[in-house]
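Before any questions on binding or motion, here is one chain by itself as structure tokens, the form predicted on its own.
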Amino acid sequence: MNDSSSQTPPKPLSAAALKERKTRRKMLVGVGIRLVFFVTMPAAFATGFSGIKYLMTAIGAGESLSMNSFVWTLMGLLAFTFLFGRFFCGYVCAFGTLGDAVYGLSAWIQKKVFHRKKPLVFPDKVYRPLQKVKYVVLAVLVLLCALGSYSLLTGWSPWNVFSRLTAFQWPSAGYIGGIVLLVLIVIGMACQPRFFCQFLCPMGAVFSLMPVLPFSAVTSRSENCLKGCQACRKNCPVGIKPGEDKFLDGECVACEKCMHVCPKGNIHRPTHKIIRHEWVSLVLKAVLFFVMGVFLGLCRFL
């Protein structure tokens, strides 16, 4: 008969194992949050951009402005970004979630079927200039709205096609252009992380120019970095190193992968000093956004 008191106690987990467990827990929480918002608020992006369309169209026509549901949604998204960074882009936007899923599937196929050690990505010299294209897209759309010519793009909106699909409505024949663009965007998503967010998203262009309160900004103690490391940049879906370029910091989609891969632990958010568990911080932001979304009428079930 074995004496239970003589059994060897389990060995404590190493620091690396604890970090891996912590990262996996946060990843699973993040996936759950994205799925919830994908199901409940898939049209949040289109509604927010409709606020920009309304404002620019009204200004261009010399009409008085009113606070309709589109404008309230736009204001809510801007306020949330100011408070918490681009949490909307990282966890709420259905287009961003679609991009993560498509690239994740593409990377898995490349590894298992084509035996590639690393999935395809655009080279640095290509994707950095491409990140500026979204500002051109935003400028063109704003100009068309101001001139009262946005109707020229009727049927060419890929996010309107996407919104219809998520509502289980097949787009009509008038949306052929939008369907083609959506297919091309999905192909791009399979080749580059956050393809639409980085290169084409007009709302992403707006959010990237927004200031973020210091307590939510990602900070980096670059003086402590290992020489030639670049782990944060290599694992960042938008290819940036926190704090290296203030303009590029606006590209951050709040995924916080850089914090998990930094071997020196140089990257953090000030809020993590208050809320020790990162997954708790994610859940609190998600709950706050969900409440705001319900108030704004973004939830399809309420």
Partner chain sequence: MKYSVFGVRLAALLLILATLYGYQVTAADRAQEITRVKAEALQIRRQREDEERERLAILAQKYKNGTFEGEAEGFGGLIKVHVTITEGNISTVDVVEHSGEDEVYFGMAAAVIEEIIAVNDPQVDTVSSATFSSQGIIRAVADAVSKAVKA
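For clarity, every value in this text was computed on a predicted model and none was experimentally measured. Numbering follows the first chain given and starts at 1.
Omitted from view is the form predicted in complex with the partner chain, to which the following refers.
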- Task: Name the single residue among Tyr103, Tyr175, Phe195, Phe84 that comes within 4.5 Å of the partner chain in the model of the complex, judging by heavy atoms.
- Result: Tyr175
- Message: Counting only non-hydrogen atoms and a 4.5 Å threshold, tell me whether Val137, Leu152 and Asn235 all contact the partner chain in the model of the complex.
- Response: no
- Exactly one listed stretch (103-111, 116-124, 165-173, 87-95) reaches within 4.5 angstroms of the partner chain in the model of the complex by non-hydrogen atoms, and it is 165-173
- Considering only heavy atoms, tell me if Val212 and the partner chain come within 4.5 Å of each other in the model of the complex. yes
- Query: Given that the partner is absent here, does Gly32 sit within 4.5 Å of the partner chain in the model of the complex, heavy atoms only?
  - Reply: no
- Query: So in the model of the complex, does Ala217 come within 4.5 Å of the partner chain, heavy atom to heavy atom?
  - Reply: yes
- Message: So in the model of the complex, is the partner chain close enough to Phe70 to count as touching (4.5 Å, heavy atoms)?
- Response: yes
- Near the partner chain in the model of the complex, with a heavy atom at 4.5 Å or closer, the residues from 271-298 are Leu296, Gly297, Leu298
